[in-house]
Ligand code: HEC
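Take a look at this one chain, the form predicted on its own, written out in structure tokens.
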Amino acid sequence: MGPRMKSIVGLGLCLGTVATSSAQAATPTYHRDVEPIVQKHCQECHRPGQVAPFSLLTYEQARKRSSDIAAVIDDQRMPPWHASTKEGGPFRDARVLSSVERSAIEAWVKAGSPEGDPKDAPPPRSFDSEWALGKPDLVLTPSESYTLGAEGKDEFRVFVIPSGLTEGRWVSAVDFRAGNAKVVHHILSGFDTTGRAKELDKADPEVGYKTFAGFGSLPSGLPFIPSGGLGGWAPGKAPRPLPTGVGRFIPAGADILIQIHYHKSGKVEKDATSIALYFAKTPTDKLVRPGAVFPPRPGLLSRPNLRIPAGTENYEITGEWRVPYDAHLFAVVPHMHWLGKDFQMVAERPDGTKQTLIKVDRWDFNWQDTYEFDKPPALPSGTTIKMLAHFDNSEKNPSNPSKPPVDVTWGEQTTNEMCIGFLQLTRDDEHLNNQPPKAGGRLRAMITRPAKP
């Protein structure tokens, strides 16, 4: 072979090597291309002891689920994020894949889900606690488990747990762990400084006390209102710290209240649900203040006059609430049940400007989150928050719990329906400088009445 021919052959071999290397580089692998995405968007839930039904901590676990992963990404069921990215927000920690991330996973699955070189893998994500936010400062659990019957209507029960606090503490985050995820439907929490919750507990022979709504009723028949609120949990809600300088204050000696909605599984179950508190590490200046948008109702504590006719595919509900003070809104929490279809809240300010706060185009009862704004919008006193939602009570709704459909009214049962836009605000004129809020302020923060026109 002459020198010229050798050069041509050598060039061909070189080009072949480059082509092979380019083809290898173009084929996505798990460790190099997919594992960073799984760590960022999936492993918070997809690991032992968390809400997801299976783990995604290893290549083999991801490979076995690769076709399922591609399917739920394609129809945008995962990662679970239902707020629109085009209207409303923007929100913190949005679980939304970029187009590049989505394409990388789809290409990896089409290529046969190759593992690639483990040396290309990013460092393992560290989870130093079984709690999503790390080790809590205080974890409280009822002294004994509650036994739930096998069948019948849903139950609501309040558990009263002494906090043991010898001094008042500001709380920057709250988390919950369902003792039995099969039956815990959702959780509300608060605290009591009056001793009335203990009295209700003592009057009930079982652990905790029964309630039909809220935190129960006093012997006088009036509703029992906790001294303050600590938030809650519903399927899909991820715990997040409050914004810097914003907190909830728990006085010394307070009793912590956990109200649990139980949905029966068909067999006898036991549950002991825990609440985790994270104390503020920096000075707190503002108290969390709630608001809520309901459909029209006769009175503040009355139920809305709601009836969704059987067979209706697009039943509309509206509601509004006026902000009674200059405020900033840092989070919104939409809430509906199985018939929910879509949800929207818009702020209309006194100067006529309008802002979409949140828009959920496809409601999913299994994933209800607290949506926290990147930049809390200003809501001057007199701003009207308007809610618009639709419900599908037809046979076409695969989530409809009644087959055939029946008329559905407002209520606490999962077969009933609700439509509420919860709000978390701060007052612009409040400057606590790490001092405890006044007792009246805590009560007003728990129940915020609409401003009069």
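Numbering starts at 1 and follows the sequence shown. Note that this is a predicted model, so its numbers are computed, not measured.
Keep in mind the form predicted in complex with this ligand is missing from the figure; the text below concerns it.
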Verify the flagged residues His41, Pro53 and Trp367 against this ligand in the predicted bound form: is each one within 4.5 Å by a non-hydrogen atom?
yes
Even though the partner isn't displayed, in the predicted bound form is Ile73 close enough to this ligand, meaning a heavy atom within 4.5 Å?
yes
Spell out, yes or no, whether the shortest heavy atom distance between Asp68 and this ligand in the predicted bound form is within 4.5 Å.
yes
Would Leu277 show up as a contact with this ligand in the predicted bound form if we use heavy atoms at 4.5 Å?
no
Proximity of Pro79 to this ligand in the predicted bound form, heavy atoms at 4.5 Å
yes
Checking His46, Lys386, Arg427, Arg32 against this ligand in the predicted bound form, the residue with a non-hydrogen atom inside 4.5 angstroms turns out to be His46
In the predicted bound form, the one of Arg95, His261, His328, Arg303 near this ligand [non-hydrogen atom within 4.5 angstroms]:
Arg95
Please determine, with the chain shown alone, which of 148-156, 198-206, 79-87, 309-317 has non-hydrogen atoms within 4.5 Å of this ligand in the predicted bound form.
79-87
